[in-house]
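Alright, here's a single protein chain in two forms, structure 1 and structure 2, each given by itself as structure tokens.
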Structure 1
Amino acid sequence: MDKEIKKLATHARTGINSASVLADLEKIYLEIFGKSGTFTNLTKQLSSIPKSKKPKIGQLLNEAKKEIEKTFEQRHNFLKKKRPKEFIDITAPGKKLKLGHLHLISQAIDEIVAIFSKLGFSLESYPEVDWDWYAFESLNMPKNHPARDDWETFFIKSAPKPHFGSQVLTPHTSNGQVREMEKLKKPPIRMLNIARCYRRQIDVSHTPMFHQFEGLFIDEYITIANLKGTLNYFTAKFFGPKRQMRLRPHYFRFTEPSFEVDVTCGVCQGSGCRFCKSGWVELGGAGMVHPKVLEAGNINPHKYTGFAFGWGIERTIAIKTGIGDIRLLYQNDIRFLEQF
């Protein structure tokens, strides 16, 4: 037996040291220590030898195993370390995978949704070609009302429908208000509507298509203080805690009281400059939902109150990033898009 062990050990060493690639080495290892490997077979014979010889043979086997494994490890390390070492210039450019770009509008939408969803608002979607009823009349703006002049509205060539009126391109996201009330039937309502809106105007600060986001919050005992709290939360998160927010009286037919929401100018930080109005820039409108709008949505205005706000996303981007001409957002120049 001793001879056999020695012979095996020598044979194994030669085999291992002759392996020139790792795969061969692994193969040789299995031939020795595998299920029916040469060494394994030898160990199996251990049971058939006399008891008195067992300790000695066992010890010999152990030593041989250790020795073979050591040889194996050395050879393994030798073969593994064959990869040549090169000089690496860590300042050379890496090999990147290509990433695309999200439009600034989408990035703003993402941020806005993230902020309001923490307050339990959920993002909803409504038609962008909608009935006059939802865009105006249910919002306390009867036909021929001068307040409609503020919304330079596009109309669609189509026959008007009784009660609902003509089809219009929604000039604001407020068409979602009564639609949301009809959908949920009963408060609490915490709706966020982000959509493309359309008005017949184009200049540095207007494009015929733009994006608005609209918040609607209706429940029992909702106060102006709640509106302030919500908008303060948003402006602090979106523009940063240094910017302040204020409400000014304003006039919208579908809210009473109505407000214009301002934040302190990011350029002058509120001291007044040529980019702002005495230190403030207008974000958009807000107000307490008019009882007539609640009634139009079949919600009892004696039981529920609420607030709403509707702001242009382009405007918030302009305020935040300093893009002066919002038409840039829709020219789709790849050199512009790839900046963001």
Structure 2
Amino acid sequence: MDKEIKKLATHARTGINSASVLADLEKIYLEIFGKSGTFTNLTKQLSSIPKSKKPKIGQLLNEAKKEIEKTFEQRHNFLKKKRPKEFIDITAPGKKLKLGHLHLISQAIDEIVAIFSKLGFSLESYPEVDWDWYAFESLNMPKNHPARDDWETFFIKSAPKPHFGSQVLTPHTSNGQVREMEKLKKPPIRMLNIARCYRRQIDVSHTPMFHQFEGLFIDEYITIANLKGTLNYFTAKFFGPKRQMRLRPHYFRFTEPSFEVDVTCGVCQGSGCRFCKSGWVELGGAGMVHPKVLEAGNINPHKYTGFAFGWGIERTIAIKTGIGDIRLLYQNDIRFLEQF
């Protein structure tokens, strides 16, 4: 085996010294010391050699390895010095860095805030973890009322507080309505509340955490006409002038009368298709603020009236862009996000 070692060392030196560029040198090194290299295969044969000869063969292998590596280092240093210096044109323009952009939800939030700010609505923020009273009871949904089941709420494990009850992850941004009334104490009130909400739902149109925006307008002589005019303005600005809006009678505990807000389908423009079935798609809920909700916020329902509306930002984006599954918004797939 000692002859094979000497032959390998000679062959390796010849190959290394014949390399004219660093890339060839690296290739030769792998052919010798790589996983299936000639030197590596030779060392694997040590296990089949008698014990009496192993020390001598092992010493020869170590000496050969050191010699080959020394030759490699010398040739590497030589080729490195010989390599021509890279020309740098200092007058050439620099390469522009790729810039990211805001997430689609952030873009929608900015656009919604800009639209309603022109109508005098001010952006407010209220807790995402709130008391049961603000999330339900102050909104005319007393304890054990079946209407609470629609929200499939996440309750926080905490000691209940007198009058306010337990803590919950807010299932809607409506918890900000009474808080805004308490803060301002007296109308006029024009509030836009945008926050994360939580419900125990997940499918193509629901996620356990989602974003919602809430509008509240309270003043003297406010009517359904004001509500409809506001939502018509929003629809035209956010979805485009070709999209129409309608109010469809519905039932909510915290508004009376109450409406579902529909907009014409962006796929068929209201003629009816497989996506919308009827030409309309449901956007969210709205209505005139219930007198009991005004009373909970210490507002005189005999003097003041108001309207409220609120729906998911993800749903609003889906209706605008035609996304069939809002879960795509949270999968961080760059191929999807780059389209917006």
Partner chain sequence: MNIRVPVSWLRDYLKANIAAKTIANLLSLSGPSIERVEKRGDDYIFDVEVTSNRSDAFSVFGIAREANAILTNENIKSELISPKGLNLPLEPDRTNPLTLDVKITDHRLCPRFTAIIVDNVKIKPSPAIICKRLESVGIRAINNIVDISNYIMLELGQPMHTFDFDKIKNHKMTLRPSREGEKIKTLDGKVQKLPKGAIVIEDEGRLIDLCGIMGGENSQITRRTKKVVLFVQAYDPQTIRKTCQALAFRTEAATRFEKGIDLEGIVPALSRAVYLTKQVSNAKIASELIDITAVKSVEKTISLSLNKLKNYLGVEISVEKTTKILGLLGFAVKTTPQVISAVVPSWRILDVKDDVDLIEEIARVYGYHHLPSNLPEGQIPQGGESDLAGVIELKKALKYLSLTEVISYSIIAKELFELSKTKEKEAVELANPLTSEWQFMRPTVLVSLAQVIAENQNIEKDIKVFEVAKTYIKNEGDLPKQDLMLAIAWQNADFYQIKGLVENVFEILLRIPKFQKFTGENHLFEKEEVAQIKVGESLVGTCGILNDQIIDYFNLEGQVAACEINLSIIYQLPTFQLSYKPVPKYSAVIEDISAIFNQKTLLAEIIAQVKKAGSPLVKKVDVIDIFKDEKIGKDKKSVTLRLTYQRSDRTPTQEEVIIVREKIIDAFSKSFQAIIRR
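This is a predicted model, so every value here is computed, not measured. Note that the rigid core is defined as the largest set of C-alphas that superpose within 1.5 Å between two forms. Please note that residue numbering is based on structure 1, beginning with 1 at the start of its sequence.
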query: 1 or 2: which is the form predicted in complex with the partner chain?
result: 1
query: Is Thr71 one of the residues whose Cα moves 2 Å or more between the two structures, with the core superposed?
result: yes
- prompt: For Pro301, is the CA shift between the two structures at least 2 Å following rigid-core superposition?
  reply: no
query: Does the distance between the two CA positions of Met288 reach 2 Å or more between the two structures, the core being superposed?
result: no
statement: With the core held fixed, Leu60 moves its Cα between the two structures by a number of Å equal to 95.2
